[in-house]
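Given next, in structure tokens, is a single chain: the form predicted alone.
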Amino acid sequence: MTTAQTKNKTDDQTKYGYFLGCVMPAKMPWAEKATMLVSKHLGLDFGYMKETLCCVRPGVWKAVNPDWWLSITAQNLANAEKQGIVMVDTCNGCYVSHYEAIQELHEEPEKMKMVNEHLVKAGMDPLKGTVRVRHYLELLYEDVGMKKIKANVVNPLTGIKIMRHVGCHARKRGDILPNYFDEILKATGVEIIDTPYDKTCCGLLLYFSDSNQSILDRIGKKMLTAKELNVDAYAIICSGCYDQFDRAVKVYKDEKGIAFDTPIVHFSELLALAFGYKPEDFGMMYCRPIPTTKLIDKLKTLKEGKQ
């Protein structure tokens, strides 16, 4: 379904604005493409949010200067509000920044006043506070629904074993998003392999204070476990977490001589494959620290075995 067709489907259909963030367009073009394919495939009015800034994630910048963090993040909220879209984040760090900012502004009117003074000085319209911020998992599970997602699975990924990492920021609201993550993954047909490290933080923010512990005691344990279990892929959603996975691959290879061979895939890629798209439709084989060759070959073998 084309963008034009999607927009004309209903006059009152919700318009979603995809906030890419910083890491996605720089390091994860395959995830970006797969997310767009899946969203359009499901009939969503899903386009790119325009005029975006860095989310200035609160895990770092809120601690440095909370008013500065709030004022900068509010510019994204104001732009989304002006564009008449629901802001959608796939990166947990971006989501938490936008979600916490709008919550704080609703709860503390004096901060809304401060932010709007800054927005007006920057030549922008003041923020009314009507903008909605959604995690992509919420969009899929709540707005689309599991019934429709399952109905679109034409190529179940039966026989593919994965470890998954939803990311700690996705747990800010308890088990809601992690449960959505698991349910959607299961709908693709993959087998989820549980490990003691599934809830362990990737260590991204810790990297700024203790790079050794961040890599070796956090993300490294996850990736070593995946290697030992010989799973087919590591499934993630958060771009910030992916940045840490990418970093660990290089550190282990350069400093320890250990080469990881478990590809790190975005869960949208698994959805795209299950919906019938081919790896080349979203560039699954390009721009990755760990090649997806073994995974793609296994998918082909499994598909041939079903025929």
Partner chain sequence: MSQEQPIKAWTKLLEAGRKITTHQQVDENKFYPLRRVFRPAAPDIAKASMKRDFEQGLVYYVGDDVENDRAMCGLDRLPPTARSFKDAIDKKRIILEDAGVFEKTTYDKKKGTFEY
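Quantities reported herein were computed from a predicted structural model and do not represent experimental measurements. Residue numbers count along the first chain shown, from 1.
Keep in mind that the form predicted in complex with its partner chain is not shown, yet the notes after this line are about it.
Interface residue remark: residue 195 is not counted as part of the site for its partner chain in the predicted bound form, having no heavy atom within 4.5 Å. Among heavy atoms of residue 261, none comes within 4.5 Å of its partner chain in the predicted bound form. Proximity of residue 45 to its partner chain in the predicted bound form: non-hydrogen atoms within 4.5 Å are absent; the residue sits far from the partner. The closest non-hydrogen atom of residue 75 lies within 4.5 Å of its partner chain in the predicted bound form. Contact check at 4.5 Å (heavy atoms) against its partner chain in the predicted bound form: all three of 22, 49 and 207 pass. When its partner chain is considered in the predicted bound form, only one residue from 118, 150, 221, 161 comes within 4.5 Å through any heavy atom, namely 118. The partner is absent here, but in the predicted bound form a heavy atom of 216, alone among 229, 216, 144, 176, sits within 4.5 Å of its partner chain. Residues 20, 21, 22, 23, 25, 26, 27, 29, 30, 32, 33 of 17 to 47 are found to place at least one heavy atom within 4.5 Å of its partner chain in the predicted bound form.
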